[in-house]
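Next up: just one chain, as structure tokens, the form predicted on its own.
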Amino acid sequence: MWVIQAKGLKAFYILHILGHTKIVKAVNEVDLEVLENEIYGIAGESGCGKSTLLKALLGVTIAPLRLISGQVLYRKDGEELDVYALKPEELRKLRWTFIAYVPQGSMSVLNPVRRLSRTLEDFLASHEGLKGRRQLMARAKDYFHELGLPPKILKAYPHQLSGGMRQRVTIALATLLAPKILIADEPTTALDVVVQRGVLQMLTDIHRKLANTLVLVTHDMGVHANVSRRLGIMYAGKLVEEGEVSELFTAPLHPYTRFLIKSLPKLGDKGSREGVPGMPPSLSELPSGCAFHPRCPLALPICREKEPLLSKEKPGHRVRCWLYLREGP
């Protein structure tokens, strides 16, 4: 059963520059369902709309980002909630208790002039109130200890911690109130491989402990191969393929997905890796037809003229490509 559902979701950046209006189609007619208790991955090159999709799913469309059309639904206690129909106070109450967010860059989350203990106190006061602060802080310290974070770090300022430790603290704060859904945006960016492993292990341990849903965004296909259960591939603001990770890695359908898989290094393979040719298009000046056709070695004449639909090629496996569609409605 799904816990997040997006229907025809469009979220564009509307920019006004020197008297001209520029429209960046960052999320363009996305339909997806994230299931209960699963790890759903979102992958794609930088600039394909992954982070903007997360903002739209969270209901955080602050100018210049605007919701153009579509719906985002949450399923909470058997009730379907339309995110963009909720009042700001209703949406605020859902955050961190029902749905939580780990943004890119841990330093942008933690106040650099406050010790972590003060940040933790402010967080608890905002979401749990001032009543029983000592008990709440004691519970928070116990939770940090469970996650392998020594209590002494609460006396530190963010700049006194390593990048990996700051990221762990950010994840701990996001999951402190046991949210049903955790959305993590590039949680391993700028971390070395050993630290990445520790952060990913922490996320999967929390997922198992809370039995919640994890939406994981990263361009690192190797991470998805080891962590995600289902995977959505984004290109130029759209989902171009979606399916079980095991199937996408063994039998990818979309040419773009194939390039992403082929670019991964393989143990014992000393040959050169094959990357995606060309450059991603500007989201403000998308090509006609399929947005991938200028880079696709398998492009058909219709690819330059008409945009393909996201169709169900197999049970649980969807692809947006004319190689698997016939022209028509």
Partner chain sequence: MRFFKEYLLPRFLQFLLVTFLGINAAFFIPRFFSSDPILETISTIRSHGTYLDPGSVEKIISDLKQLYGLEGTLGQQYLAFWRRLFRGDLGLSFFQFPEPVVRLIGRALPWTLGLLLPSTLLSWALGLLIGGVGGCYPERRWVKVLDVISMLVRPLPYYIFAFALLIVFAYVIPWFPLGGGLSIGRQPEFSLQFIREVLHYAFLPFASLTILGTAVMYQMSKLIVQSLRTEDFVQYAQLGGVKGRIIVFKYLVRNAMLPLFTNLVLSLGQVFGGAMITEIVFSYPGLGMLLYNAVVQADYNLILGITTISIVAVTTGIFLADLVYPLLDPRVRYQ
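Everything quoted here is computed from the prediction, not taken from an experiment. Positions refer to the first chain, counted from 1.
One more form of this protein, predicted together with its partner chain, exists but is not displayed; see below.
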All of 240, 307 and 312 with a heavy atom within 4.5 Å of its partner chain in the predicted complex: no
Listed range touching its partner chain, judged in the predicted complex by heavy atoms within 4.5 Å, from 137 to 145, 231 to 239, 93 to 101, 76 to 84: 93 to 101
Listed residue (72, 199, 184, 174) with a non-hydrogen atom within 4.5 angstroms of its partner chain in the predicted complex: 174
302, 67, 58, 35 - the one with a heavy atom within 4.5 Å of its partner chain in the predicted complex: 58
Contact label in the predicted complex: residue 151 to its partner chain, heavy atom within 4.5 Å: no
is_contact(residue 257, its partner chain) in the predicted complex, heavy atom dist at most 4.5 Å: no
Residue 170, heavy atom within 4.5 angstroms of its partner chain in the predicted complex: yes
Close approach of residue 207 to its partner chain in the predicted complex, 4.5 Å, heavy atom: no
